[in-house]
Structures are given as C-alpha cells and as structure tokens.
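The data below hold one chain only, encoded as structure tokens and taken in the form predicted on its own.
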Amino acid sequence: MASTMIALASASLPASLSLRNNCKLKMKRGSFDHNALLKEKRNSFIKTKSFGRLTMVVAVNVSRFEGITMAPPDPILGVSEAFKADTNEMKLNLGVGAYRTEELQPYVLNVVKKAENLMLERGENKEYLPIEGLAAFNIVTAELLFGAANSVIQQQRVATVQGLSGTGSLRLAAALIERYFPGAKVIMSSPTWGNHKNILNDAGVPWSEYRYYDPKTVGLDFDGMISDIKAAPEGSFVLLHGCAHNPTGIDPTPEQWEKIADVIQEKNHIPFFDVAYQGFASGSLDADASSVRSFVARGMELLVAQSYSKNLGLYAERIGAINVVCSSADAAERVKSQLKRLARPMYSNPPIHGARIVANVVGNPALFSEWKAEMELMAGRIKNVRQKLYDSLSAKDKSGKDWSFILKQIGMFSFTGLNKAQSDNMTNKWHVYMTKDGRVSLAGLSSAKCEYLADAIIDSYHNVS
C-alpha cells in the first residue's frame, strides 16, 4: 500500500521529482540501478530549488549543441546592423559596398526593369537549370570578360560555369584547387577582401599573403609585391583583383601588370582573378577587363571569378560565374565536367532569374548600349564624390597633408589610411559607419555629405592616435 501511494504521488510531480521518488521506490524494492541513474543524470542537468521545508529537484535538458560558441559578427555586414540602430540624423553607412543614388537610396537599373518585363512577356517558366547554369548566360558572360573575338572564345578553351555570384564562384574555384592541386598554396594581397580567407579556409586550401598596400604612401608596395610573388612556392595560385582592388582601391598600372605577369610566368604560377567590378570601376567594360585580357594574350592558363552584383545591381540575385582558361578545348571540357561535379553536392544548380536578366541585357544590342550608359552614370557619380571629398579635405585640412591618394584610387572604395582607433572615432563621435581597416564605400556617400565626411576624417586623423 505504501509503495502504491509513493508511486501515485510521484506521478503528479514534475518529471525530475518523480525520477528521485522512483529511485527511492526502487531502493525499497531492492532493484535500484545506480548506472541507470548516472545515465539519466548525464542526459539532464540537475538543479535543486528550495521552497521552505520542501526541496524539489528540477531537470534542465542540456542541448546537444552546448559546445557551439557564438560566432563573431561579420566585419562588414555587422556595420549595417549597427548603422540601423543609430538614431542620429547625420549618420552615414560607408561600410557595405552597395551603390546608392545621390539621395542615398538603393538603385535598380532601368535596363534591369526592362529585361524583367521581357521575361514576363515571354511567360518564361521556373524549371531547374542545368548544373552549369543558363547556357545563354555562360556564353555572354565569357564574351563580356574576354571579348567575343578572343581566340580563347573562338577555340572553346574556356570552361564557364554559372556560380552563386562572386563568392560562390570563388568557392567553386577553391574546391577545384583543393581537389586537383593538392597542397598548392594560394597567395593573396595584404590586405584583401575579407571573405577571400574564409572561402579558402573552408575549402581546406592553404594560403599566405604578398605585400600590396604601403601605409607610408597610401599606395601600392609594388617592389614588395613582386618580391613576395617570386618567393612563393612554384606553381602557386596568385589571387589578383582584376580592377578596383578591394579594400584599397589601388590598382597596378598597365606597365606594372605586365611585370606581374612576367614574374608569374617565370615561377610557373597560375593567375587567379577576382573580377567583381567590370565596367563599374572606370565606366568601361573593356578597360576594366584589360588586366585579365593581357594575361590571356600571353597564352597563360588562369581562373577568373565574376560577379554581376555591382555592375548590374543584382546584389540579391547572386549571379556570377567561374571561368577557367585552358590550353585546349579538350582540357576545358574536362575542367567544366569537374566544376559541375563539385557544384552538384554544394547547391545542385544555380538560380535562373538573374541569369536571364544578364542574358537579356548583354545579349540584346539595344539593352546592352543602355546598360553601358547607366554604368557610366554610376561610375561617374562615384568619381564626382571622390573628387569632392578630396577637394573638401584639401580645403579644410591646414596641416599640409597630401590627400591626393584619394584621387589615385579607383572604384567604389577609398582606403583612408585611418587605423582602428581612428575608425572607431569616426563611428563613435561622427556616426560614420565603416570597416575598421579604414575603408569607406564612396558608393554610399552623397555630394551633400562630402564636407561632413571630410570633417570627420580630419578630426580622426589628427586628434586620435
């Protein structure tokens, strides 16, 4: 009878209290299993709570994911989150590389709207694309990069696979390197786009850096760059920014590009280009592809990742490509088959909407001409705010400091030369949100805010060490 009463009482109690009573019951019956209790304790974190003379045991389940720590915020995307939380009316978001109008609003290109209307008129479906992507997209993308008349196009020596914008295309390239060039190192500029290292790390590809930025001149450390490329193990992949280097905005001159190509050929390295700003940097598609084309003209095999996020404003569509230039059409066909093999378990096949936009714009002469005109306008607006920022800095700063490096840089970013403490002052005092390496996105700056930004830079540079 007593045993029955204990069992009934325990049934009305919390599970953890019932567990204790059940254990007592089993002890009375002579059937207590100590190992079973230990096992149950391992599966539950036991806490005790006292209520006067009654002590209760509360079981808290421990998550299987308890060992996973909180990841640090993304250094770029985290800037936008902080910006949104700021209520100051003078705040500026110069962190994320996304184009804004003079009113600092997101911009959808008119030519993109027209291409989307064409898609609606045709009533195109949403069926799966092949693993390599939309055929029309791949054709126009390779031609845009290398030139339709280029021998590598005519001889079908380019393996092109549509990727998930620039990031996904770089990731496919990294997977190709890891699988078919085991142990090969990728060398990249110091500094470089922050995600380059993450991509290579996750792909299991070793990397190191070559000198690029000279803080004394806020310019290119060309001698250091050449020396480090020479010193890299033979057969390394040399990661290069095709134009508008991110984060510095500092590009080699055409003559320097030729010397870089000389050293890469001498060391039997493989060029690995990241082209994220073709047409968006200078306003000219051909000028911004000239570095890549100069290497191709030498007969070099190389990799090129492309993105349409900036030049067509297709940020959220995730549209890009990986191109591998090979010495023969047969090699290109085999490389493409392996890129498809790598893509299949990653994401199966790429998105269709943005690919059709690109195919419609680049493949239609009228829309293509309109796109080039819009790109010139976007690039022109960034050049104008770059000039006005320089003018404001030069007029306001009475110290005699030379700010001309602002004009020598190209593209949507400017490397101000500010250190972390100075960049923190830009945010904490002036509400200017930027990355902690001193990079600002001029695409997020309006002419009306140039003087305000100049005041913030001058104060941070001279008054914060």
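We number the residues from 1 along the sequence you see. This one's a predicted model, so the numbers in the text were calculated from it and none came from an experiment.
The protein also exists as the form predicted in complex with a small molecule; that form is not presented, and the subsequent description refers to it.
- Heavy atoms within 4.5 Å of the small molecule in the predicted bound form map, among the stretches 225 to 233, 290 to 298, 305 to 313, 337 to 345, onto 305 to 313 alone.
- The contact with the small molecule in the predicted bound form, taken as any heavy atom within 4.5 Å, belongs to W193 out of Y212, W193, W371, F272.
- G97 is the sole member of G97, G279, G133, G354 with a non-hydrogen atom within 4.5 Å of the small molecule in the predicted bound form.
- Proximity of P350 to the small molecule in the predicted bound form: non-hydrogen atoms within 4.5 Å are absent; the residue sits far from the partner.
- Remark: I76 counts among the residues lining the small molecule in the predicted bound form, judged by a heavy atom distance of 4.5 Å or less.
- Although the partner is absent here, R381 sits far enough away that none of its heavy atoms falls within 4.5 Å of the small molecule in the predicted bound form.
- In the predicted bound form, the small molecule sits within 4.5 Å of a heavy atom belonging to L170.
- The candidate spot formed by H241, R318 and R439 is fully in contact with the small molecule in the predicted bound form: every one of the three has a heavy atom within 4.5 Å.
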